[in-house]
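This document starts with one chain, in the form predicted on its own, laid out as structure tokens.
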């Protein structure tokens, strides 16, 4: 298979290496607005460089991978659909809900598959948790706790274009909450605070946030996020039910130190970045996209799924800004 990739920054170069290691991928064609970055990534994987997006999409591709900035996602997904090429796009679908709704409608009217990149769906722990929840192993579920705690903040220049902590970071928790429980969020209450660098406040964002979400069956979910978890990269989910409880992320790499005397857990080593934490999941995810592009499986995370997570993030952002509960029915995009 011949795969085209647009965007050869950190995640793009990483995805190019992963794709190059798949047996079914014969060749890679790369594009970046910084030609030197595309050339370096291509040289590292034995690929070629396209001089433009138009040239990339005209390269007889079997699949198109988008790892560019958020503000370009909607335009490039449209281009992939127009070219009839199965498309993979890192989250989010678009920079705003309205564009995500438009793309969800467009994708629904075509047979060209689009796979949105929420890699936690391919993590072995989250998949085991999903099976336990939806198979009834934990009884009826009454509460869920999810956390995404980054070890250190991104560059200041990233914040004004990120969409905010709920849309940029917690959106992963919102997607995996739907994936694990099989339920939909009906209302949220979000809060946030700043105690770190001033550029968060100056960019209209927060460095730490939390939200309480109510699901359509009455389950309560508590989600937290921060840019300042000095102990390490901490991504977890706990599900509590009438017959048992189960967690993901509570393992040897757990970024905590116990205050209990004589307790040696967790022994480490800790994770320090999301790419380290989810390396196997990213590899499985791209392997799945190749299967999507080959027509072997349907998209495991559609544009509609991406829209659903974006709507929850939007509701939490509005809730934080307006200091009130927000019903998901207030957010555009209901079927």
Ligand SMILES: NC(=O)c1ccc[n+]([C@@H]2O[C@H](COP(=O)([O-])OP(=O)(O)OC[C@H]3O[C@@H](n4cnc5c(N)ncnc54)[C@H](O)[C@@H]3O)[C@@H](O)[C@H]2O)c1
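Positions refer to the first chain, counted from 1. Because the structure is predicted, anything quoted here is derived from the model rather than measured.
Quick note: we don't show the form predicted in complex with the named molecule, though the next part is all about it.
Although the named molecule is absent from this view, report whether residue 44 comes within 4.5 Å of it in the predicted bound form, heavy atoms only. Residue 44: no contact with the named molecule in the predicted bound form.
In the predicted bound form, does residue 148 come within 4.5 Å of the named molecule, counting heavy atoms only? Result no; residue 148 lies far from the named molecule in the predicted bound form.
Indicate whether the named molecule has at least one heavy atom within 4.5 Å of a heavy atom of residue 32 in the predicted bound form. Looking in the predicted bound form, residue contacts with the named molecule include residue 32, since a heavy atom lies within 4.5 Å.
Quick check on residue 123: any heavy atom within 4.5 Å of the named molecule in the predicted bound form? Residue 123: no contact with the named molecule in the predicted bound form.
If we take heavy atoms and a 4.5 Å cut-off, which stretch out of 180 to 188, 214 to 222, 165 to 173, 196 to 204 is in contact with the named molecule in the predicted bound form? Result of the contact check: 165 to 173.
Heavy atom within 4.5 Å of the named molecule in the predicted bound form - residue from 283, 27, 67, 302: Partner contact (heavy atom, 4.5 Å) among the options: 67.
Within 110 to 145, which residues have a heavy atom closer than or equal to 4.5 Å from the named molecule in the predicted bound form? If the 4.5 Å heavy-atom criterion is applied to the named molecule in the predicted bound form, 110 to 145 yields 117, 119.
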